[in-house]
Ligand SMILES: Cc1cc2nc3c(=O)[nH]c(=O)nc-3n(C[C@H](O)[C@H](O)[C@H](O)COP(=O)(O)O)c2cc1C
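What follows is one chain in structure tokens, specifically the form predicted on its own.
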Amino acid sequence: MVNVPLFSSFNIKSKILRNRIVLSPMCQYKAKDGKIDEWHLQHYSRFAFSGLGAAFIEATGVSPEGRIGHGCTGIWSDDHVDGLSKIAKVFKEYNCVSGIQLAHAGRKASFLRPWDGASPIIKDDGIEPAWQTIGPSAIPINEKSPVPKEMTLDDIVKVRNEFKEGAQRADKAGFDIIEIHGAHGYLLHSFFSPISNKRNDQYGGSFENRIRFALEIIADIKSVWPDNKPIFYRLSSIDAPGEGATLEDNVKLAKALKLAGIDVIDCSSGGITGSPVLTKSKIIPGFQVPYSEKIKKDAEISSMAVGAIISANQANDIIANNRADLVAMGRELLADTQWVYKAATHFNLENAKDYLPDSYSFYLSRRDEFLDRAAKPA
């Protein structure tokens, strides 16, 4: 068999990913009261049998107030477990390692859906009302955003417990991996960034104080999450050019996360003052790969690259050159759910058809044979 690093297996704790390709969490904003419905089942089933090594469902709120908006999925109630378990089950059925991203949006909660403007809900229209947001300090995202409530120590304990209970429910639902969302200006990132954290207690000021909340949440999760299941952590590798947390700060953070028990760092960027892509004026293919490469090497921890990973050759080169251990893809997989199969055939893998169910691989292999014959001169 041809040696293609992208299609090599990846072992992490008790889980074996059959390749290095991962579905990145993509918010659908289709839930009602945080519950999974038919949309989510149809959406995630498409990826379950597309040949991925692993797949994460979207940012899932550990509390109603922790959602980005009203349409976000939730895990704050036992009522959410049944719907989530159906997704975990379909992933397992098709040999796709299942992951769930646990999140609290903090001061970036109570937002409209992206197609409705992705701006704070500021008017209570009686249908989808705004709610009070929270953060490390009473500092809004920008001049157009409401001021969040500065969290008390009781608030911090409450959120810690919500993450812990969310992890228990994620395990009960059957997920293989938890990813803690610590990026994009959401709650944990806002505690880490000096732009948004101006506290003068044990959760603010020094580097050690600003990472305390995240480390406590990791310890809480590990107290209920099985030791043989991995925990990922998504961070923003850089806040914004010239301000806030730097790449070096995040290398230091990654080292602390490793000591706390994190297995893989998911390397994104930006978001503390708005869009998650403010670190670049123009998105180019693989624009965040240098972050995953540096964090992987300097922090000596497994990393996942994400952001404008498009072609099979690009993805394979990232793994082959040791710039990341995994590649996470979102929009590209949404555009082409057979990306994995096409990449496998691109590299002439003999087992390309094994990445799809028989009813797909049979017809697609016939299609490929026809295209090969059509391309040859008469």
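Being a predicted model, the structure only gives us computed values, none of them experimental. All residue numbers are counted from 1 along the displayed sequence.
We do not show the form predicted in complex with the ligand, though everything after this point is about it.
Contact check for His184: a heavy atom falls within 4.5 Å of the ligand in the predicted complex. In the predicted complex, the ligand sits beyond 4.5 Å of every heavy atom of Asn19. Although the partner is absent here, Pro64 is not a contact residue: none of its heavy atoms lies within 4.5 angstroms of the ligand in the predicted complex. In the predicted complex, the ligand sits within 4.5 Å of a heavy atom of Glu58. Contact with the ligand in the predicted complex, defined as any heavy atom within 4.5 Å, is confined among 47 to 55, 324 to 332, 339 to 347, 33 to 41 to 324 to 332.
A single residue from the set His104, Arg234, Arg107, His189 has any heavy atom within 4.5 angstroms of the ligand in the predicted complex; that residue is Arg234. The contact residue chosen from Leu257, Ile75, Ile272, Val306 relative to the ligand in the predicted complex is Val306, the criterion being a non-hydrogen atom within 4.5 angstroms. For the partner-free chain shown, Ser24, Pro25, Met26, Cys27 of 23 to 52 come within 4.5 angstroms of the ligand in the predicted complex, judged by any non-hydrogen atom.
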